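Before any questions on how it binds or moves, here is one chain, the form predicted on its own, in structure tokens.
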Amino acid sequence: MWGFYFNELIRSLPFFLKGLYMTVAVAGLSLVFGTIIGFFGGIMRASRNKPARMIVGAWVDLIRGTPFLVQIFVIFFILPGIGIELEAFPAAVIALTNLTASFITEIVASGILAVPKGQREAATASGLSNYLQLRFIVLPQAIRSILPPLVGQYVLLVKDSSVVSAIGVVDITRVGWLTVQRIPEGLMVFGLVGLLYFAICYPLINLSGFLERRMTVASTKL
């Protein structure tokens, strides 16, 4: 019986590869948009503008303090009630981008605030504008502490993307649920699902560890 199920699973591989492509597409787009929004959000979160800090802080707290499943349900099921209808794929990308951006905002803000205040004071005394201080003084130093947790957040992003299957996106997890209805050997089916997620996450885990070691060595040499 196991041999029969295994052969059926092999025949289902093209279906799993399509699910893998969908997972990479959703996670990849969310990664790009979430990083861009998160960097701007982090700069605002660490700025001297109190209203901007409060607005960004409230958004971050709201997103980080509520379940992602609830957020994606609101976007996909509740927004149509006020006239905003989205297909499953864009709804998934928007929800995952929003989640990712909130976490990256905190990572970037923490990196910026970790730069010694004396650096900014010296830059201000030299006549540099806030923009030039940020570009040439603050961000080059903050990036050392930002990169390792940033890549680690990308790993969490890939794993969180499994939730989008709840609104019908045919990602790896959704393919697993559809396949297990035909091949009732859950361990075998979801073992393959886990391996596919691992194939995406493992390079990112190694990259995060590599960057952390490099940044630690760089900091030691300074």
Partner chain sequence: MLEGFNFRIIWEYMPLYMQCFAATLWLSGLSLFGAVVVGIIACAMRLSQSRILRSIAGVYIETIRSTPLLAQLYFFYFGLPSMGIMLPEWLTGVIALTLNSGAYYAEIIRAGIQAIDFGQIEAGIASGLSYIQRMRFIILPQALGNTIRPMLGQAIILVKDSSLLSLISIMELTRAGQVLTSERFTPAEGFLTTAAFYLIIYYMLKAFSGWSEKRLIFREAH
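Residue numbers count along the first chain shown, from 1. If you're wondering where the values come from, they're calculated on a predicted model, not measured in any experiment.
Just so you know, the form predicted together with the partner chain exists too; it's not on screen, but the next bit is about it.
| query | Since exactly one of L207, L17, C201, V24 fits, which has a heavy atom within 4.5 Å of the partner chain in the predicted bound form? | reply | Only one option qualifies, and that one is C201.
| message | Considering non-hydrogen atoms and a 4.5 Å limit, which listed residue (A122, I143, V74, L132) is close to the partner chain in the predicted bound form? | response | Of the candidates A122, I143, V74, L132, V74 is the one lying within 4.5 Å of the partner chain in the predicted bound form.
| Which of 77-85, 132-140, 111-119, 90-98 has heavy atoms within 4.5 Å of the partner chain in the predicted bound form? | Of the stretches listed, the one contacting the partner is 77-85.
| message | Taking any heavy atom pair closer than or equal to 4.5 Å as contact, tell me whether L62 reaches the partner chain in the predicted bound form. | response | Contact check for L62: yes, within 4.5 Å of the partner chain in the predicted bound form.
| Partner proximity in the predicted bound form: M54 to the partner chain, non-hydrogen atom cutoff 4.5 Å | Output for M54 is no: heavy atoms all beyond 4.5 Å of the partner chain.
| query | Going by a heavy atom distance of 4.5 Å, is F190 a contact of the partner chain in the predicted bound form? | reply | Flag for F190 set to yes.
| message | Considering non-hydrogen atoms and a 4.5 Å limit, does the partner chain approach Y197 in the predicted bound form? | response | Y197: contacts the partner chain in the predicted bound form.
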